[in-house]
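This document starts with one chain, in the form predicted on its own, laid out as structure tokens.
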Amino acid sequence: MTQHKSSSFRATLKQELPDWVRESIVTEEAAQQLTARYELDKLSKESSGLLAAVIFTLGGLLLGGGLLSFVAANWEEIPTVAKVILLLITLLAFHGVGYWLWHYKGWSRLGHALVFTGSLVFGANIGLMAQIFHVSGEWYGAFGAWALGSLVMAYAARSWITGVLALVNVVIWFLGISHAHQRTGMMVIPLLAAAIFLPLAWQLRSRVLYAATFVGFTIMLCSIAEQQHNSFKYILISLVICGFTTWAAGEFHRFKNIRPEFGNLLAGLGILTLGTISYVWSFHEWWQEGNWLNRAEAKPPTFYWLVPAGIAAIAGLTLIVMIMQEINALPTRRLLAIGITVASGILVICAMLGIAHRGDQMLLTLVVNLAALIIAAVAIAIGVMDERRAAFWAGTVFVVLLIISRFLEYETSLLLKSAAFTLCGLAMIMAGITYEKYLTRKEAHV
């Protein structure tokens, strides 16, 4: 176990340990224990393994592209039966050889790359087979078939990148079919996708696939909400709910220490979603009556999208309740959790008031800006408490961006704008200096 520390931390530790031993800061025995605890002797192998995986994947893609290009170049001359056999052999060869190299010869990275390439070849074969037999239909049908085949291979080969490919195809298929056929049953698909892909990511410990599943769920839920035809503020509600739930899932992983490698990524993704939405909707124009956000269509609204949205919201609140004891034990963390929850609630309430055409427009705009500032403050606090520069600077830049946007949005004198921009610049510089001094003092006391 590497204790889920980043590669940069482990690389720095490996570089510093010899000096610590030489300066008698740690003993030889302690250095060996740290080396074993964080698996420092595996760093070079991990780095070369990542490079090999990238090279093998690119090589597999080029190989697959070359074979398909050869088939396409001789397409007219090849008999129909031969075309089908050639496409099937190509597909089976990539999957079969990849699986054999991976599980029987120990060439996991090369085998993984060939299996992934085989899944891409499968997608190309769908289009070529349709051309051979003159099969016509909706464009999204091909992505549905591609998603199904990729999903089977992702589980069979335990391949996270093939899982990501399957997820992307599911989202594309869903966007097509949900807009072509607005059926109540569509509400089940986002929930079903989460139920399929999250366990796969959990088993493979894939942070990319795990986070991508949350993103895919968000996109699909927004697609259903957009079909309300009354206001795009439904999308705001969906994004806020998904952002909150993603953040809550990240905090659950962090506090419960269950798959903690998922924690920071999901929490950061959730805060990023909430911050982006609060900034976009902080402009007064979005809340004006009669704009494109409030246009009404002839079709009556349907609210079946509230089922997956409600389940997501309940899941997020449940996760927060499950870690309430851990949060209450840390007063500062409790304030951060309250801040994100309050900001999310503000955004949802403002969206609902906007849909109902209630509430003063300027007041709604002001409250949304308040929610945005709360989110920025949470990011800055995380940067200070966890010593994470990315979070600190993201929150600081967000505050400055909000201030500058308000000065650009409303008519003010150039002199006032000049003073505001100058003060913001000085404030950022001073914040940076203060923060770096704070980190230096903490490092000196460690």
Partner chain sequence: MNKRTLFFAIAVAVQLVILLGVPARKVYTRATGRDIVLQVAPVDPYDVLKGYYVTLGYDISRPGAFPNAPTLAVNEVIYAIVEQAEDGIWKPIATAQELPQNLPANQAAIRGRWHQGRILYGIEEFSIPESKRDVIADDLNKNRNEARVDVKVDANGEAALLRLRIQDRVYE
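Every value quoted in this text rests on a predicted model; they were computed, and no experiment measured them. Numbering follows the first chain given and starts at 1.
As for the form predicted together with its partner chain, it is not shown, yet the points below apply to it.
Requested in this report: Give a yes/no on whether L335 approaches its partner chain to within 4.5 Å in the predicted complex, heavy atoms considered.
Outcome: No, no contact at 4.5 Å.
Query raised in the report: Are any of the heavy atoms in L101 no more than 4.5 Å from a heavy atom of its partner chain in the predicted complex?
Result: Result no; L101 lies far from its partner chain in the predicted complex.
Query raised in the report: Is F122 a contact residue for its partner chain in the predicted complex, using a 4.5 Å heavy atom cut-off?
Result: Result yes; F122 sits at the interface with its partner chain in the predicted complex.
Query - is_contact(S136, its partner chain) in the predicted complex, heavy atom dist at most 4.5 Å - result: Close contact exists here: in the predicted complex, S136 approaches its partner chain to within 4.5 Å, heavy atoms only.
**Report entry** Contact segment among 148-156, 193-201, 249-257, 363-371, judged by heavy atoms lying within 4.5 Å of its partner chain in the predicted complex
**Finding:** One stretch meets the cut-off, namely 148-156.
Query raised in the report: in the predicted complex, which of the listed residues (M322, L92, A82, L330) lies with a heavy atom within 4.5 Å of its partner chain?
Result: None of the others qualify; the residue that does is L92.
Query raised in the report: Which residue among A130, I349, V208, V342 has a heavy atom within 4.5 angstroms of its partner chain in the predicted complex?
Result: Result of the distance check: A130.
Report task. Using heavy atoms and a 4.5 Å cut-off, decide whether L88, V115 and I126 all contact its partner chain in the predicted complex. Result -> Answer is yes for this spot.
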